[in-house]
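Next up is one chain by itself, shown in structure tokens, the form predicted alone.
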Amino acid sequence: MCDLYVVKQGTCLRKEHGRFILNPPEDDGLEIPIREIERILLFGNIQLSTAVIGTCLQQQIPVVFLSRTGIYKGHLWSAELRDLEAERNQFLNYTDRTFHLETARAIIRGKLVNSRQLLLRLNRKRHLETVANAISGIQRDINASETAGSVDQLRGYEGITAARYFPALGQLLITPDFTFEERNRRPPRDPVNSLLSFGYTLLSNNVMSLILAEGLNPYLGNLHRSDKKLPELVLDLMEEFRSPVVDTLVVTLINRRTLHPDDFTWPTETGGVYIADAARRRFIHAFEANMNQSVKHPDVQEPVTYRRAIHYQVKRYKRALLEVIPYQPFVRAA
């Protein structure tokens, strides 16, 4: 099973017998057996036939619609596939202050520990004092978050850690063509932030589809809550995987010189910098390879892929709702 990314503008996707047929403009068509497709991600102006839509709804293949630059627009998924008992417990726990706080605390713990682990890995050979100081600071944030009395306090520690983490990450880029000092987005104003934003988008869509597959409501979260209708649970459950999956990939691609400054657009009128089409395909390919890397997960003896590890985390969250088992975050091995 694999994800189907369609990025060529003007491509038409149709169904013929047991296959999806991709017809890009000015290129030869491509046939893919439907049984091999786990989810479909469409970037920009892509056309779907009614037969494809019906097949995806019937065979539980999520279709995610994104802008050309990767901004989430919506998804196609049958409401018939909801798990009503799980969703009912999501609503019940939404107002449970203890569940709210302790689940948010677990998510923050996972995110902060994994951020620290990545800096430790990258600094093993560099021995940069400023990075070592950031690592020590993050450990203090982790310790302090264990006694935080509110979700707002947890968000505060998350922000403090981000202020330590991203500048330290920037110092671990060894290619002088790329600099990175702080996280910015909407729009990303430099190539590194562009890569991080695009990677987080791909990660969130993977998390979204796995949440839908478990019948959960993606709009009811704990750490993330808003008056706007946002996929709060998606934002929650992707936090533990930002560093192991996306940040690791971005640093690797830059330090191995897989990407170059001319792989990015000039700043737009709003200052946004984006990955050019050809580089976006390379990034997607590398992202998929990273998602299929083996990693240890405590719920199984054998190593699993990162995608499967995310699925196990979604299942853990579902058990927390249905069986009153505290949610435990994913922590990458040191």
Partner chain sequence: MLVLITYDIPDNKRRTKLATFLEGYGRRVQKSVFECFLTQAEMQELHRRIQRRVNPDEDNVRFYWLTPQSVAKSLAIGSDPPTPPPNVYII
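Numbering follows the first chain given and starts at 1. Since the model is a prediction, treat every value here as computed from it, not as a measurement.
Keep in mind that the form predicted together with the partner chain is missing from the display, and what follows is about it.
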Looking in the predicted bound form, is the partner chain within 4.5 angstroms of a heavy atom from every one of G18, H285 and N292?
yes
Using heavy atoms only and a 4.5 Å cut-off, determine which of I37, V52, V304, L42 is in contact with the partner chain in the predicted bound form.
I37
is_contact(K296, the partner chain) in the predicted bound form, heavy atom dist at most 4.5 Å:
no
Should R68 be counted as a contact of the partner chain in the predicted bound form, where contact means heavy atoms within 4.5 Å?
no
Is there any non-hydrogen atom of V331 lying within 4.5 Å of the partner chain in the predicted bound form?
no
V314 versus the partner chain, in the predicted bound form: is there a non-hydrogen atom within 4.5 Å?
no
At 4.5 Å between heavy atoms, only one of the stretches 262-270, 296-304, 60-68, 22-30 reaches the partner chain in the predicted bound form; which one is it?
22-30
Looking at the partner chain in the predicted bound form, which residues in 163-182 have at least one heavy atom within 4.5 Å of it?
none
